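Included below are structure tokens for two forms of one protein chain, each presented in isolation as structure 1 and structure 2.
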Structure 1
């Protein structure tokens, strides 16, 4: 048999295995890992000279290990910061100070962006801030369906927001690109979509009295002041900025250590003295919280390594990028979103890296293309089979309506995000001023 035929057979087998596992196990993480194992095993028997797949599987687990460690450390920092009561104190202060509905909705949007921007996962924003933000947004007169949409949209925007965008990090790692130049390319479209979402979902609502809102919010620690609130964030953001703009003058400490240093500062600044057991419980709860996402990142590595070794990754990439450009432009947004719904972060490997390689050969700006794709992928977090962020949002907010009604509510903001990303992808030269 020809190499093309063998690779096509392997691709069909892997698709079948993934579909069956997704239907039976209801877990995209386990489904991806099993698919990678089956693909490697079948490839061992069909491809001459291929090594036994144990090496492939072990190497696959280590491909994205650095991302997983960054993810864990960032999540510990965010949860420790929330546990200190800092976010609650800020929220109560804002509600007590501002009577304008639009100002409060803007601050709630910013609060939703922070956890995901620091961890790379929108689900963390939902875990940490979803319930608190939903309570305030409801008291702005926003309906239950629009409240769920508000939390979801800003959760996926937070995942795409710098400094940590996992889709971009995975693509740049695959393409041997530096992870630089994405700050404004991602921030400006996110700001535009965020402003549109606030206006679109908040229009026509009427705010509840200040006293009623404050009565429902949790109490903040008595000694929590502005220094205790800002110092941990200043330390983390300062260390990140130093590594970006003074790279040759400071030691390389990396994102995991940066967030651990921030966690120590949070503990020092906490006005309520906690025991080691209480802090350990926060860490333990965080590990349970992020385990599915860490499993996703690691299983993506297994699938990625398996598909690379048996040629399936190349088959998909070559098939997609050899289509006429007009068809690529037409289908890339839909394919990216549905690939994210099926493969989670694996979508960045399947079509992200091949498209960036294609843009490089055509002389286009690969940084802008990579940023555009990283804005398309989060849309798929509400699509089956995984529906990771969408499902979690409905559960956290307590939305009792049908999931289809939720999808209809988030459709327009998602289309606006997709349209901006598609324009960036088709005409990257228009956005060079953001680099």
Structure 2
């Protein structure tokens, strides 16, 4: 059998196993892990020189370990922050200060963009600001489904937002390109989609009177003042900015430790003194709450490692890149999104870099093509099998409807983002003024 045929068979087997496991076990985490292990097991018998799958399982678990630790620490920070009553105080202050729905929605959109823009991960935006933003947006009369969509869209936009866009950074690193000239190329489309999303989701909602909202909101702790509210957030954002802009003068703290330092500040700033047992319970509940997500990112690692080892990842990339140009234009949006859904940031490696190389040989503007691709990939954050940001949004916001109804709600803003990215990808020359 040819290598192409073997990898195609393995790909079909993996898809079948994932579908069957998802239907029978009702757990995307274990379905991905089983798919990875089965793919590696079959590959072990079909491919000469393949390692035994146990190694793939263990190594795969380490691929996204840092991300998992970041998620856990970010969740602990946010839950401690909420537990201290600061989140309620912020919500009360915002609702009390601004009486205009559109101004508040715009502020919420900017709040959502900041953590993701600084860290490069939309999920961090959902963790840090998702709960607060969802509460305020709900009080603007926006439905549960639209609130979840609002948080999700701005989370994925925050991941693509400069200064840190991981897809662009991966592609530029692979292509020996400087990570320069992307600020406006990314910011302008994000601003357009952001404005569209605010209008699209906020249209028709009716804000309840300020007095009614404040009466419904729980009371903030008595001694909770502006310093106690802002200090933990300032410390976290300050540390992230320090590592970005004073990288040679401070040690590499890393996001997990940054969030834990923020947690310590939250405990110090808490006006109500709590016992160790109470804080232990908050952390334990957080661990249970965040576990499905942690399991998802770890299982995605197993799937990625398996796909890499048995050649399925390469098969997907090569098949796409060798298609006629017109078909690449037709399918790039769907392919980039689904590649992100299954391979996470690996999508930038398997199709991003080869496409940019191809554009280079054709004489097209590679910077604009790279920016366009990095605007397409985030759309896949709500697609199976991983759907990390999508699931996280539903859990953080507390959306009880079906996942399909959530997907339908986010479809239009995602398509607008995709359409802009696609035009940039097909006609890079039109966007040279943004460089």
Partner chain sequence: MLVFWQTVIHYLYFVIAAIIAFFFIKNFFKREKRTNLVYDIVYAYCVIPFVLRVLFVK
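Positions refer to the first chain, counted from 1. Treat the numbers as computed from the prediction; the structure is a model and nothing was measured.
Have a look at both and say which one is the form predicted together with the partner chain. Structure 2.
Could you point out which of 322, 280, 191, 396 sits at the hinge of the rigid-part rotation between structure 1 and structure 2? It is 322 that sits at the hinge.
May I ask you to give the angle in ° that the smaller rigid part rotates through, relative to the larger, between structure 1 and structure 2? So the smaller rigid part is rotated by 18 degrees.
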